[in-house]
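Only one chain is shown below, in structure tokens, and it's the form predicted alone.
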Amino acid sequence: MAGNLKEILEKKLSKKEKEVFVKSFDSLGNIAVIEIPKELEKKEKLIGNTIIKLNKNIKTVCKISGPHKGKYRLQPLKIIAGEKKFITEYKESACRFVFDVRKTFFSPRLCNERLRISKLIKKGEKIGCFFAGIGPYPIVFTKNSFMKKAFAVELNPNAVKFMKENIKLNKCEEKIEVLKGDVNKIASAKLKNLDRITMPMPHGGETFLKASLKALKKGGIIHFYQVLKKETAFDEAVKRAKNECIKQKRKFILLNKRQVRPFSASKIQVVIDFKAK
């Protein structure tokens, strides 16, 4: 659909506008979220209506109207076309998620990651799903693995509200325990001997490694995500994780590293899977 969008708009944009046009967008159920450069703000309604015309399932188009901000690092959105609504239902890996795109963070671009980790989970594992948001990691794990239990930790009260709704919607109540609060406090005080921990926070996740390692059993595995400069992304992510393991007197063993997605012209999001003995 992105190709069709560019092809149709090609005739309605100037040469300069074509150079800054961002053809990709995130589809969150029946809501599309797109970045509109300043040079194209006068054409945003045209772009939004064209997306709806080309995608029968899209009923609302929002543009990103500013950088992530506030305590919960939310990105402000503005409706530029379609229905005036912000609550959507999104489907992934045999799971359903309902949430408000303004009040919670959710990335469909991590869907392959959630399924990849599901396939690594062994029967009976206890898992820490840190920065759990509306619950995609623990719910996908429940539906696609034989884990014993997931502890889903999230600070944003709106995300916690929708996560609890999504747990019920997907009938996962028996396998997921929701813990509202700061990962550093909860991981240190309430969790221990976890087999595996997911840390999908793109920025600042390294500040939670100490508490995460304390909650991880000897020989447990952490999936550690970072957004870093392309040239040194893997080296820097490994360095941060390894240094914290050394501080905690744990042996760092790198199991896997991979690029998750491009983030900007100079940065990428990566994940490293490592064992801490």
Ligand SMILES: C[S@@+](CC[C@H](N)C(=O)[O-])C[C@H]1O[C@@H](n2cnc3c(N)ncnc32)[C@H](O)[C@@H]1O
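Numbers for residues come from their place in the sequence shown, where the first is 1. Computed from a predicted structure; not experimentally measured.
FYI, the form predicted together with the named molecule isn't displayed, but the following is about it.
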The listed residue (M147, L77, A81, L110) that reaches within 4.5 Å of the named molecule in the model of the complex by any heavy atom is L110
Spell out, yes or no, whether the shortest heavy atom distance between Y137 and the named molecule in the model of the complex is within 4.5 Å.
yes
Next on the checklist: Just checking whether F86 would be counted as a contact of the named molecule in the model of the complex - the rule being heavy atoms within 4.5 angstroms.
Outcome noted: no
Using 4.5 Å between non-hydrogen atoms, is F234 touching the named molecule in the model of the complex? no
### Message
Please tell me whether any heavy atom belonging to P202 falls inside 4.5 Å of a heavy atom of the named molecule, as the geometry stands in the model of the complex.
### Response
yes
Of 187-195, 165-173, 115-123, 150-158, the segment with heavy atoms within 4.5 Å of the named molecule in the model of the complex is residues 150-158
Triplet Y72, F105 and F208 all within 4.5 Å of the named molecule in the model of the complex via a heavy atom:
yes
In sequence order, the residues of 171-196 that place a heavy atom within 4.5 Å of the named molecule in the model of the complex are G181, D182, V183
